[in-house]
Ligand SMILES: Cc1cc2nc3c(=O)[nH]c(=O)nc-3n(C[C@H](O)[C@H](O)[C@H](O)COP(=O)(O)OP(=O)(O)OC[C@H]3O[C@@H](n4cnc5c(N)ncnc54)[C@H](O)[C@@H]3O)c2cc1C
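Below you'll find only one chain, the form predicted on its own, shown as structure tokens.
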């Protein structure tokens, strides 16, 4: 099978590269093993904890230094445009963090957030109050924690709870009472009954916050509740699989396929053939002897979480292409003694050159690019840069393959 570009990994990094390339008429195949980290999304994309600091503290070997911080504003606008084309609106902009709320009520900086998610506005302290509404029996959402977090910011906040007969069956199993299961049942008359049950509980509030359980049943369930209760309804992330992440993954895949891309789910690139410093083709687990041949290849399989990197007691390695890995040789140096300290392994990843091309056996491979969390040099936890690194490297790799800058559409 022949393509212009083959991408190993179908999460956010692979999809952003794939969509950008497919928009320019390239034939692209994405080979994805399974659910990506998008399925655990907080509902926000983080670029840098101190965005207003203009990334002054970025290290020379950081992915942002490779990308060039001068390009990040442009990449942020392209990101919003790609999501909008897929049917997902993002609010926010580069260089101006807002505060989103975590499942345990901690306010954290974010660069872009899904439009239906709650973000903190200092004007909320002026009065009117916020009501956090939980669902009886749902253990992955903590209304009291969220209310306490907002009260610490000076917001008047109450807590309420609702129930629905449709959810009784889910309560029989702890594994069923999850955000995705609830979302699929919140449709039709169930949404109307929920809204009318909530109305007297939130009367007079300036805003209602609910768990992020909308979008897989009725796509406009949250808006329908808004119309009944008479005030804005926003959602907050849950501690389990993210409905917004599942929804975004689905829409981005649909957008990619709509552009002519081939998305192969449930398969995994397991080996490659290199000749004269170039990858000629790759083979996957399910396709056996059938080789995927392309002009360019992108490695977007993530880090340790998705086994894009593998750690054994003796070594850390990249299993698919045999790429060089930046890491300490001795296992004792992989982790800090205290769990809350910056952990060295967070910065481990494949070694790339200034064009994101991967190094294998001491030489740079001309047509193999690494994107996303598998690129060495970033600490997504301490720096708050996980999603920013993903989209910036993904879009830069697409530009390297295209040999030109991606167009930025002006959005209303």
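From a predicted model like this one, the values you see are computed outputs, not experimental measurements. Positions refer to the first chain, counted from 1.
Heads up, the form predicted in complex with the ligand isn't pictured, but that's what we're talking about next.
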- Does each of 105, 138 and 238 have at least one heavy atom within 4.5 Å of the ligand in the predicted bound form? no
- Task: Report yes if any heavy atom of residue 31 sits within 4.5 Å of a heavy atom of the ligand in the predicted bound form; otherwise report no.
- Result: yes
- Task: Answer with yes or no whether residue 302 is in contact with the ligand in the predicted bound form, where contact means some heavy atom within 4.5 Å.
- Result: yes
- Any chance residue 35 has a heavy atom within 4.5 Å of the ligand in the predicted bound form? yes
- Query: Quick one: is residue 184 in contact with the ligand in the predicted bound form, heavy atoms, 4.5 Å cut-off?
  - Reply: no
- Heavy atoms within 4.5 Å of the ligand in the predicted bound form: which of the stretches 303 to 311, 218 to 226, 274 to 282, 129 to 137 has them? 303 to 311
- Students should find that, of 148, 81, 267, 156, the residue having a non-hydrogen atom no more than 4.5 angstroms from the ligand in the predicted bound form is 267
- Assert contact residue (the ligand, in the predicted bound form, non-hydrogen atom within 4.5 Å, options 368, 387, 350, 378) equals 387
